[in-house]
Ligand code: AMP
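This document starts with one chain, in the form predicted on its own, laid out as structure tokens.
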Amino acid sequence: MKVFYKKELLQEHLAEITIRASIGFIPTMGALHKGHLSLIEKANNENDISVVSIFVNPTQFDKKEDLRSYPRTIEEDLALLQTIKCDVVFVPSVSEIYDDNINALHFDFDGLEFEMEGKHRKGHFDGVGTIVKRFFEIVKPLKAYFGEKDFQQLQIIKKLVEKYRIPVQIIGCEIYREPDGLAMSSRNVRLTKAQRKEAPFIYKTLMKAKEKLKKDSIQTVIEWVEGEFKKNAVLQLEYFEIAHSKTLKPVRRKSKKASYRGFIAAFAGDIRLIDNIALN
């Protein structure tokens, strides 16, 4: 496993091998867990070379305190990557990526950026688009792998590649969950014991909502979810949305022709957790 901190050295290395090898790219913000490892394993199965980036991107955080508190575990991350097949790791500094201009570009994602997360995290997807586009330009992968836990982000990155004609195939990967159903996330390490015990409530509520939707209206299910969270003393619901899988627009009436998902964002103290599932 080779570790690079400078983009020029990384590009020199990749230029030597990509003439005869395909690259699978897994961008991360570190604090790695088994969900990240599942992405790397998939990339290994489909490509000759796997490249993992570890970079906490400042331009996608709408709150400075969230950026400051985001877990940074680089030594543990590199040790974990040593336990599996990982060919290249890119660990740039903020100045290496942004020079002296730590600002996001502005993107038009055909409205995807204004739904759900976009309503609650101002400028978030401009920051995501900026860093992903930059990494694609540096690494030049054949395929890139993203988990479906951030489903809206996945759809936006697909739109980024489409609109900017970036020659990379985006691969969405199933959410990797703990045995109790909690979606794996780097933020989970910050949960207290009481919060961690209660956190699977999010996934359990999504699963119950999926069952209720078989016989109840969308509005009835939304009101039921909101009511369930009001009874929970540990988790505070930020939003629950039933949206079209492709457009991410809210669904108001059920249709057998449409594909939609349930999305939840909730707080455990100051820790923000998100999850989603396919509803039909």
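The numbering used is simple: start at 1 and walk along the sequence shown. If you're wondering where the values come from, they're calculated on a predicted model, not measured in any experiment.
Another form exists, predicted in complex with this ligand; not displayed. Remarks below refer to it.
- The chain is drawn here without this ligand; in the predicted complex, the stretch among 92-100, 203-211, 138-146, 71-79 whose residues come within 4.5 Å of it by any heavy atom is 138-146.
- Only one of L67, I218, M29, V234 comes within 4.5 Å of this ligand in the predicted complex through a heavy atom, and that residue is M29.
- Proximity to this ligand in the predicted complex, defined as a heavy atom within 4.5 Å, singles out one entry of H244, K254, K42, H33, which is H33.
- When contacts are judged by a 4.5 Å heavy atom cut-off, I131 does not count as touching this ligand in the predicted complex.
- The shortest heavy atom separation between I170 and this ligand in the predicted complex exceeds 4.5 Å.
- I84 falls outside the set of residues with a heavy atom inside 4.5 Å of this ligand in the predicted complex.
- At least one heavy atom of D150 is located within 4.5 Å of this ligand in the predicted complex.
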